[in-house]
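Below sits a lone chain in structure tokens, taken as the form predicted on its own.
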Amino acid sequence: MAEYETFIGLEIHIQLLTETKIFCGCKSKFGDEPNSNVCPVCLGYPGVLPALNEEAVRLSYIVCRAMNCRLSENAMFERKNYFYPDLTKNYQITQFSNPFGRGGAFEYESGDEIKKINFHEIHLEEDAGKMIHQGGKSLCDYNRAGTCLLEIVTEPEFKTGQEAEDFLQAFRRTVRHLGVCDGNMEEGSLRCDANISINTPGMGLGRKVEVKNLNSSRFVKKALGYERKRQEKVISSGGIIVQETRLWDEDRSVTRSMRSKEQAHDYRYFPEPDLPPFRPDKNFFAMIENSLVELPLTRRQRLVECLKLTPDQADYICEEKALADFFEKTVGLGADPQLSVKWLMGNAAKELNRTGFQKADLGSEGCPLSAERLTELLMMLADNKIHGKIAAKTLTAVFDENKNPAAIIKENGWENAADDGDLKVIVQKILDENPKAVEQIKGGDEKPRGFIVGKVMAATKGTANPQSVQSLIMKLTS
């Protein structure tokens, strides 16, 4: 089979984290009773007028700025005319001629390389409702109709489905760090359509096929892999690729034809007569600059270089902004970076999972574990005031009792058993009470050593440092 060049572009839709919809005051909330968050505006009743959501505009410009786009100083809204059952007024208010952002680029990691993808544009529009097909009937929930939807259109620069998947995961982390979208693909707040064409090397773009119904980054990779092979077979057998929209069938792991692909002129765009152009001033652009945060890839590189985290540790910490902020605050309060990341990836993660909290909850008022409490615990551990098992028990108690570690340790008498002199007396006493075990240890049998450690830990109610106990046994039996 002949070799072909692949061109892949993504159209990513993110629902912005606004309290209300884009042109009305209805709640923008997932999971409510169907058709409970609707009004004449988002249902498209005759004679209603849209009122642009200021917060949606602000969040849109933050994304455009973070993606290094050229920011529009005269943004326009247009009507895109088409009929679908989930869009009652038969047109969608969107942006076409002058969107909020054009151009721009974004760096992401794929394999061991840092790659860059360029953007065509970023525009704001209203979302449609949701069709539900069940029991031989088609139902429509209009709660989603009119929610604030930002569309990010890349240039067709991806070469493989793996690159597209890596980009999508990095982009999701970024919008979550920016606080503009929760990125929940399973709830539809981040959705992706993929465009793919193949052609003979050096001949440029081929005929484009759009693949929809991709509700996970893994499906994006799988669908593009399947579609590339399908197009190769068509062309190699002398056929012609039909420019169309196809659906990803996740049950069969294939794409199937949905409809012919529309062109821009099919939508008959014209300016939205009820919305004036948006012309931001210097104060608005200054506000956007002040809203920017350090992006995940940059932060990850800094944690590796400055705090000596491994790439895997930095990846884990930077997955959620709240977790990364929590980690850096803990280190800033005096905790050792390596000890902090070890506990966040280990015991703290287990406690979060046990108690139903998420990594994104760290640092919030509702989460019992604060950066101050973790720092206090880790510094007591580092200062040898407690040992690892007691620290783990204390962390569990922090979540269960919502108290400071020092208070929990004091209440339970969990501090390490006295000083080395007192501990030596206890160890010697246990050895004297078990002469047979001592003889076995002296003879090279290591099994009784664990028995003696257990006796000492019981005598000190678990507060002795196991490493100190082991060291004393070795000295006293040599």
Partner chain sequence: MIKIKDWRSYISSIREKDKDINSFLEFADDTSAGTGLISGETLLSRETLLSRVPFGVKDNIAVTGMRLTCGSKMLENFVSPYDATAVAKLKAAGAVPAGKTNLDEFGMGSSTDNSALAVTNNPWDLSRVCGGSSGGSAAAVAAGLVPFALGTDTGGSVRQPASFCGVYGLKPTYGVVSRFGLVAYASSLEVCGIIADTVETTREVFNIIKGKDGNDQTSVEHLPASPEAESIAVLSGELGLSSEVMAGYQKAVDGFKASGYGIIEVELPMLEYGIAAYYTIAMAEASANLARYNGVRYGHRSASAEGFDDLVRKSRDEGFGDEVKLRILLGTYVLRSGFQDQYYTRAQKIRTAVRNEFDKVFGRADLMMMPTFPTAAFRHGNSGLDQFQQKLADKFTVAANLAGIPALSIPVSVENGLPVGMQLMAPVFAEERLFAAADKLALQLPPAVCPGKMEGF
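Remember, predicted model here, so these are calculated numbers, not experimental data. Numbering follows the first chain given and starts at 1.
One more form of this protein should be noted, the form predicted in complex with its partner chain, which is absent from this view; the next part is about it.
- None of 290 to 298, 79 to 87, 303 to 311, 378 to 386 except one has non-hydrogen atoms within 4.5 angstroms of its partner chain in the predicted bound form; the exception is 79 to 87.
- The partner is absent here; in the predicted bound form, the one residue of G239, G111, P276, G346 having a heavy atom within 4.5 Å of its partner chain is P276.
- Checked against its partner chain in the predicted bound form, the residues F399, F357, Y269, F285 give one hit for a heavy atom within 4.5 Å, which is Y269.
- Its partner chain in the predicted bound form is not approached by V453, whose heavy atoms all lie more than 4.5 angstroms from it.
- Although the partner is absent from this view, G44 contacts its partner chain in the predicted bound form, with a non-hydrogen atom inside 4.5 angstroms.
- Its partner chain in the predicted bound form is approached by V48, whose closest heavy atom lies within 4.5 angstroms of it.
- The shortest heavy atom separation between I426 and its partner chain in the predicted bound form exceeds 4.5 Å.
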